[in-house]
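Let's start with one chain on its own, the form predicted alone, as structure tokens.
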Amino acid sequence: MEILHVSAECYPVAKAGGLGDVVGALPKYQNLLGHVAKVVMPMYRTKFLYTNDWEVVHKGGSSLGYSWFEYTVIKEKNNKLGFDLYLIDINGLLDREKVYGYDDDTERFTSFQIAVVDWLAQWQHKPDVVHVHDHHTGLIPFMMQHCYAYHHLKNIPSVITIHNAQYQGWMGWDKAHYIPTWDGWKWGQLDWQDAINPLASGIKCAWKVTTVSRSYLDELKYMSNGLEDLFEFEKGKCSGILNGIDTAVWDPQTDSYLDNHYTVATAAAGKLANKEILCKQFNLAIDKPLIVFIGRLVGEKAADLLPQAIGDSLYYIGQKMNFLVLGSGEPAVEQQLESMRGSLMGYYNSQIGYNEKLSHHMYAGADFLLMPSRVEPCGLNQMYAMRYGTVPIVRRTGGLRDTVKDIGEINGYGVCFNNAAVGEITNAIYRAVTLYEDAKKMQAITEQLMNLDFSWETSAQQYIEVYQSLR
């Protein structure tokens, strides 16, 4: 089969979160299964663009409402990522360094989607399936079916994967003219709660809908930022497929970001060596359990609870543990976390921002990874942590529920709690410290974690089965 993935992110080209990791890995593993998977994404001005070789494969133009734009499609020459990678450039809209966060993001991603469909309409052959990801590409199934110029694409099956339903790409109806001339009788395929909702449109128009874990699919029926009724109505074409991780990238035995590699057999010494580097760099005690948080400092991740949870843990449990936070997000949370360094010196530290190398060191050197998320559709961080023998401390939600089994259960290997609340986080940290003090059990769990299989092979095959069901 030939699969065209359309996404706003793809690691290592451009990444803001888990979406980039998924789109950077899934096509590669689908190709390894004998299929032809390709990716098309915007041409941001990132380091990857300037350090690789490209060729122009198409030039075209279309309109965004009353404005005309020209676009260029380039292809990476050397198949460096294990799949064909295409970038779409639109001067004045996509030629920027960051993925998101601009006032004209609506115009940027709408024009990108138009360019994708316009380019696809010129292909001499057609792919077997178009697989779009999140709201940034959610209008593509509608345009393929209901825009007059692209009506000949209507029989190409489309699949939309929802990585995070909290963000839906809302547009006012005053921007309906952005979409190339379409069948006005089909306005209901765009509308949700009196606005154009690209994510809702994708759910309505795509032939199949997938989410990134089974539990998240269940949660969307009662917690999807206004789309609850739609998910209930469309449940017949929805399925949950747990993300995998790229075990070639995330491997403590070969990780290029690490100076101290290790296997299951050498995990104790390897993790200690990486922990020593972290503790020296951030002025933390090597003989205490190191609990880390890696991720966006936003409400979805319950990052606003971190300052009090860390402070309360050190006060009520005692100064028996260290904390290290890496991330960026809401300015108020960043400021709180930074201001704690002085009063908690020697027990806590933080680095605000995104640092891929440091994140790998933290997975390798930490004893525990804390994920108190309010919303976690799948979660990749806990899988990375377990691959590196780091015990996850997680709230039971979404993919965290599907991937982490509490140490209180038979063959359990993580610390789980039910609510995103300071008291429950603190209690979970207490349980983690107690586990750490049992060195024999801690070592056994570390080995157990590293032997778990969260690779992409199974998940990639499940996506292929979804596609095949549409043929």
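Start at 1 and count along the sequence shown; that's the residue number. The shown structure was predicted, so the numbers you read here are calculated from the model rather than taken from an experiment.
The next section is about a form of this same protein that is not shown, the form predicted in complex with ligand ADP.
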Quiz item: Taking heavy atoms and a 4.5 Å cut-off, does G17 contact ligand ADP in the predicted bound form?
Solution: yes
Quiz item: How about G379: is it within 4.5 Å of ligand ADP in the predicted bound form, going by heavy atoms?
Solution: yes
Quiz item: Could you tell me if R296 has a non-hydrogen atom within 4.5 Å of ligand ADP in the predicted bound form?
Solution: yes
Quiz item: Does Y216 reach ligand ADP in the predicted bound form, with heavy atoms at most 4.5 Å apart?
Solution: no
Exercise. Could you spot which one of M171, L326, L153, L94 gets a heavy atom to within 4.5 Å of ligand ADP in the predicted bound form?
Key: L326
Quiz prompt | Residue (of H361, K301, K271, H133) lying close to ligand ADP in the predicted bound form, criterion heavy atoms within 4.5 Å | solution = K301
Quiz item: When ligand ADP is placed as it is in the predicted bound form, which of 312 to 320, 287 to 295, 255 to 263, 77 to 85 ends up with heavy atoms within 4.5 Å of it?
Solution: 287 to 295
Quiz item: D194, G226 and F231: each with a heavy atom within 4.5 Å of ligand ADP in the predicted bound form?
Solution: no
Self-check item: Contacts with ligand ADP in the predicted bound form - residues in 431 to 465 whose heavy atoms fall within 4.5 Å
Solution: none
